[in-house]
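A single chain, nothing else alongside it, follows as structure tokens in the form predicted alone.
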Amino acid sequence: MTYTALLIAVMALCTMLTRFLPFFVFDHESSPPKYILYLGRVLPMASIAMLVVYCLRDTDLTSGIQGYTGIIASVFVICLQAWKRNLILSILGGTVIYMILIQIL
């Protein structure tokens, strides 16, 4: 019990530190350095690209239609995002399509 409480406290402290540290490091009246602004622009897309590569890395296109389920769901997510511009809807829609495809195929 003590170990669990200590573990939760350390995780909460680390999470709070990463959230609050920029407010203590950077002056509120000046803008952040240019490299911080650059990272703020490129890291979200880099993270998403890394997740896509991670999700599709084991896709076996020689195993028949089962190999294409992840790709079909990914294309569906891209199309839904381009059409509706709603991230939650795109993620939920892609998940539903993927689950349907792996159950049916």
Partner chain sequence: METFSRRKTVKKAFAASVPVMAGYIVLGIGFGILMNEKGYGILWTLAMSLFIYAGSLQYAGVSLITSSVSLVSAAITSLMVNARHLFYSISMLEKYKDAGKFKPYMIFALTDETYSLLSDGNVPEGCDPHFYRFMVSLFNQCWWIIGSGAGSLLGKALPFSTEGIEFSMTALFVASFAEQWLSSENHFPSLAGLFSSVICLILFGPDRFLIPSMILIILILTIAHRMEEKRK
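Here the structure is a predicted model, which means the values were calculated and not measured. Residue numbers count along the first chain shown, from 1.
Absent from the display: the form predicted together with the partner chain. The rest refers to it.
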Do S47 and the partner chain come within 4.5 Å of each other in the predicted bound form, heavy atoms counted? yes
Is G70 part of the interface with the partner chain in the predicted bound form - any heavy atom within 4.5 Å? yes
Would you check, heavy atoms only and a 4.5 Å threshold, whether D60 touches the partner chain in the predicted bound form? no
Is I65 a contact residue for the partner chain in the predicted bound form, using a 4.5 Å heavy atom cut-off? no
Residues within 4.5 Å of the partner chain in the predicted bound form, restricted to 66 to 86 and counted by heavy atom: G70, A73, S74, V77, I78, Q81, A82, R85
